[in-house]
Ligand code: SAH
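Only one chain is given next, in structure tokens, and it is the form predicted on its own.
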Amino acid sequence: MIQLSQKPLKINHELPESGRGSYWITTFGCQMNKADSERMAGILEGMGYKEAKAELQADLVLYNTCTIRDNAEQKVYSYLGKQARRKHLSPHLKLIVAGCVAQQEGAALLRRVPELDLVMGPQHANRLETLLNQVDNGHQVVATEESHILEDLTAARRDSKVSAWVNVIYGCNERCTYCVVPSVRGKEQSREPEAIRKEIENLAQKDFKEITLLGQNIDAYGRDLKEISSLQREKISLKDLLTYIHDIDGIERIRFATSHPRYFTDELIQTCAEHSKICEHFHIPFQSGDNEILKRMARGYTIERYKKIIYKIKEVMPEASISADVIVAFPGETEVQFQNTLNIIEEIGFDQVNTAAYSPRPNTPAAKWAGQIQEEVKVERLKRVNQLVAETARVRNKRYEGRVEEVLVEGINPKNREQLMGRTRTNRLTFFPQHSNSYLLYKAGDIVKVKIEEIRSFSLTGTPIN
């Protein structure tokens, strides 16, 4: 819903010297949020705002929030407390909460933090300018009604000059019993392939080398689209979209995330193997290694089905890296069921696994179930799974030692400015020297052949051989 306050806010009519002033965006959570933040930054800059040098100096502060874990949500409230106190001293400050916490809490956020100017859900990110105009007219605004996401014509302010996110499907139709995403991000909505291609062509013209197609369940892309006349087919899927965009000049690498095992097909794997720009990296969450837990999660597949997908990838693309997500200490999870998760991680040998202990979320079935796991057990299981993930990742990385890998340079290593950093096609973070005899060797956007000399669990170091 969109609500306008009956009582206008007290507004300081003395505008900052720079006109609109400066903005600061803090992003919590997933890649989808990061992509939304880039688009909102583009809208703000189109309105005349400039990026602030520091959060506490900004005239507009926007928190793009995540509610998938309780600790991320509580961190938002901590940040808001500081800004609310600041607003009493600087009444012209605009304070915005966007994203999933905004959608979940809605108008209740205004009661908790009355200093807020705008509360907006993820489906309204492209409407930021319109909503801010209402704020400028003296209203507090809540925009959380379900909305068709408009095709964004504003150029996003990309955090990288090399790699770019490209949303291809919004929302989620799944009903996992632990997850709030469907209620805060809405129903699935696939973008038209022509619009996606046009966005990627524009990125290529700006010298971007890599794009990552994004979706909550990206391999469900196209299920809601009607006939696509330009592709002359009645239905389009992710594999068709990958083929459709593959020939765009200037783009060297294509990635996609996040995949759902329910929709991941052999045909998709074959399409990836047959197209040289598609990187050999697949992110496919499995969440639990136990079938009973998967059933209670309402994930829609068995661990046998998941393993079949992974083994097919390894058969067709032996060098591919596999990453995943897993949740430990789901309500009712026994030690045996947790051990099944450890067994799958060890058996498959993932390159990386994002781990989390189960966190009860509002308005989800699992939050109300009996058998909630004690906090100390959650901590212990999370520690054990993290240790195993680090071990298996290091074992997987051994295959790179002594090999020559193509690394797309992203920039300077912030922890060692004598090094450049980038990623292999398999998404391994790699560091290598940026200077030789005081001459700069490479720049962001270059693809460099690097001989790998040092391995760690989650990164590599080597020497360029070009």
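Here the structure is a predicted model, which means the values were calculated and not measured. In this text, residue numbers run from 1 along the sequence as written.
In what follows, reference is made to the form predicted in complex with the named molecule, a form of this protein that is not presented.
S.K.: Counting only non-hydrogen atoms, choose the one of 66-74, 418-426, 53-61, 399-407 that falls within 4.5 Å of the named molecule in the predicted complex.
M.R.: Looking at the other structure, the answer is 66-74.
S.K.: In the predicted complex, which of the listed residues (Ala220, Cys179, Cys272, Ile309) lies with a heavy atom within 4.5 Å of the named molecule?
M.R.: Comparing distances to the named molecule in the predicted complex, the residue within 4.5 Å is Cys179.
S.K.: Of Ile313, Ile327, Leu116, Ile169, which one comes within 4.5 Å of the named molecule in the predicted complex, counting heavy atoms only?
M.R.: Selected option: Ile327.
S.K.: Heavy atoms within 4.5 Å of the named molecule in the predicted complex: does His139 have any?
M.R.: Outside the cut-off, so no.
S.K.: With a 4.5 Å heavy atom cut-off, would you call Gln287 a contact of the named molecule in the predicted complex?
M.R.: Result yes; Gln287 sits at the interface with the named molecule in the predicted complex.
S.K.: Taking heavy atoms only, is Thr243 within 4.5 angstroms of the named molecule in the predicted complex?
M.R.: Looking in the predicted complex, residue contacts with the named molecule do not include Thr243, since no heavy atom lies within 4.5 Å.
S.K.: Are any of the heavy atoms in Ala356 no more than 4.5 Å from a heavy atom of the named molecule in the predicted complex?
M.R.: The answer is yes: Ala356 has a heavy atom within 4.5 Å of the named molecule.
S.K.: Can you tell me which residues in 386-400 come within 4.5 angstroms of the named molecule in the predicted complex, by heavy atoms?
M.R.: Going through 386-400 in order - heavy atoms within 4.5 Å of the named molecule in the predicted complex - there are no hits.
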